[in-house]
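We begin with a single chain expressed as structure tokens, specifically the form predicted alone.
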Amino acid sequence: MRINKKNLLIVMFLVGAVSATSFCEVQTSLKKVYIDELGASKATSGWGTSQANKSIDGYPLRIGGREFDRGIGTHANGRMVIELNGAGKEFHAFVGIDDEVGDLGGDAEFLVVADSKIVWSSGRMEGRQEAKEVNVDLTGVKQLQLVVKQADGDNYHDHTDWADAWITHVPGATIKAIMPPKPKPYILTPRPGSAPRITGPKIFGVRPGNPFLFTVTATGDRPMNFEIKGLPQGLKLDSKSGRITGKVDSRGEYKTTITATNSKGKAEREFRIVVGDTICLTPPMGWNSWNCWACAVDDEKVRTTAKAMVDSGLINHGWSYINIDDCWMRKEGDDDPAIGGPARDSEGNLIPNAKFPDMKGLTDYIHDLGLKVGTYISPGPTTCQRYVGSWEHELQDAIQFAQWGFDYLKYDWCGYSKVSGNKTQQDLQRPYILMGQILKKVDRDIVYSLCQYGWGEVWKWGADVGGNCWRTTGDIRDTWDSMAGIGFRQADLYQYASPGHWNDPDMLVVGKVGWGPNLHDSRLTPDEQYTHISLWCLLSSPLLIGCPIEQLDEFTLSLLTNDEVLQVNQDPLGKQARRIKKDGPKEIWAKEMEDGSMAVGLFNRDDFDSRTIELRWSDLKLNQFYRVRDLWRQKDIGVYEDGIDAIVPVHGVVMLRIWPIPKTAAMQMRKIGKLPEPK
């Protein structure tokens, strides 16, 4: 056939038509799936429960005045992981803060992550802001993550929506949402040896004439015998249990030497007893009932915990307090016979509820185990859970706590708002000044813990009102964003920590938690839990376990029994770590130790990738050779002249301790390949 110009045009038209038809067929053959169809239950949320086609509070999805029929309502910090296996083509959504927060604020950042790489970011978004549209090419992507993060220091009111959110994909492909995989626990802490190793605080404070109770602790095979030289007059040591009891009337600092002996060897360490006005010379280490039992706490659970503290061996690592939080009192007007009834007797004395039938018997039981015991109340008419408080009975209650035998008081603002009027600095300090003055007069040393959530910059005046520790934040939860958000915000508070006075970023959330009878394993990953314990120890924070100790697994036990890590927390110098360097998600924190060494934490706050963190001695204002030891592994790494690099996993930590080494000694050690053991 002869092709002339006319025929050529006809052929080109026909080919074009076929091509256009094929293109349209390809486009229309793609399938669309809305993310709400994939299951809102698979979307994790920093608060509440993610919901399909509704906000986190269960209302229609609305962003910036615009309502959407479909999507997922969630809360920062949240994540949804979707398996595409290369079949996806496009992701589309509108994102923003849900209008239900109103004038309460809220802000967040939305991220679209393809195969661990951030491919779209909303930047910081605020309440009432117009929704932002998302369009992302998914060609070749195996895994899609929809992430919403808090944009400031907390996630309060961060109600967030992925609205009109859908994925197009090739026909026949399986697109599914999965729960983010939880890494398996791994244990770094070596098991204690058979020979004695003395643990716990190296210093202890007591007021003149008050009852003295301190248990010398050590790891190693039992039976073990304890001796102490230089014990001041009025004190005696039980050589089998290591318990020191009695009273000391004369002020001063007494240097003693403790010896622990068993069939495998002997250990010796100096122990200082300071008789004066300041107690709690190292941060308290123990257990608190709230994070596991909340108002389900009772006498039996507390006794079980105390016995487990001994049976698990935690007591041998310096853990000593068993603290009962809210809900041990009575709640007037409540119909439940277990907690209701008159809150005080005819003389105004507190009456524990029926779940605590013998408070003095309970404290005696705990003391007989070599442990101490703490209680809780509010300065207001009621506590957080509306049980009776100490309002207008402060002196009477403090005397009763001392008579019962309590060694620790958590004094929680809750309920005091009803009578405080305002929250001026004077209002915030008033109830704590009063109780602080009273506690100094009772004939028992009671550690005084202020709990008013960091209001009024309590770290600046907590010591002045008699506080031994003070909460610097709201309540912690077992999520990375809560724990890390709280912990790393302590960076500027180091100047307010000293022996007897501690910043308190709240209790530990490792092991099983639940705030009631229904417990679950901590939602922190293993690396996040290593970060949690490392950071709290560097911060010289009170260490209060929040899980049922009788249910400890091997991993959690290993977190709580690393003596070299705990020694950083209990160091007598009483310094709090400073943040030395911050480079994006990489942070270096360092703490001066009494022996001239430094404890250092290398933290990786990146959500997706391991990072190499470079620690230079110049960052620490140091300039000589240093011996470096990995504290979690309890292993010397080597001697380094300029610094050391470490690969740190996602949300993880490498915790080190470094000692100065003279140059000549360092060169000799390198030559012979040996390093000295730490003292």
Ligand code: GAL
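Numbering starts at 1 and runs along the sequence shown. Keep in mind it's a predicted model, so treat the numbers as computed, not measured.
If you look for the form predicted together with the ligand, you will not find it shown, but the lines that follow are about it.
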**Asked** Quick one: of Asp475, Glu268, Glu83, Asp334, which gets a non-hydrogen atom within 4.5 angstroms of the ligand in the predicted bound form?
**Response** Asp475
**Request:** Find the only residue in Trp287, Trp470, Tyr376, Trp162 having a heavy atom within 4.5 Å of the ligand in the predicted bound form.
**Result:** Tyr376
**Asked** Should Phe608 be counted as a contact of the ligand in the predicted bound form, where contact means heavy atoms within 4.5 Å?
**Response** no
**Message:** I'd like to check something about Met507: if you look in the predicted bound form, is any of its heavy atoms closer than or equal to 4.5 Å to a heavy atom of the ligand?
**Reply:** yes
**Message:** Given that the ligand is not shown alongside this chain, does Cys451 nevertheless sit within 4.5 Å of it in the predicted bound form, heavy atom to heavy atom?
**Reply:** yes
**Prompt:** Does the ligand get within 4.5 angstroms of any non-hydrogen atom of Gln385 in the predicted bound form?
**Reply:** yes
**Item:** Stretch in contact in the predicted bound form with the ligand, which is absent here, among 105-113, 439-447, 277-285, 405-413 (heavy atoms within 4.5 Å)
**Value:** 405-413
**Item:** Residues of 306-326 having any heavy atom within 4.5 Å of the ligand in the predicted bound form, listed in sequence order
**Value:** Asp325, Asp326
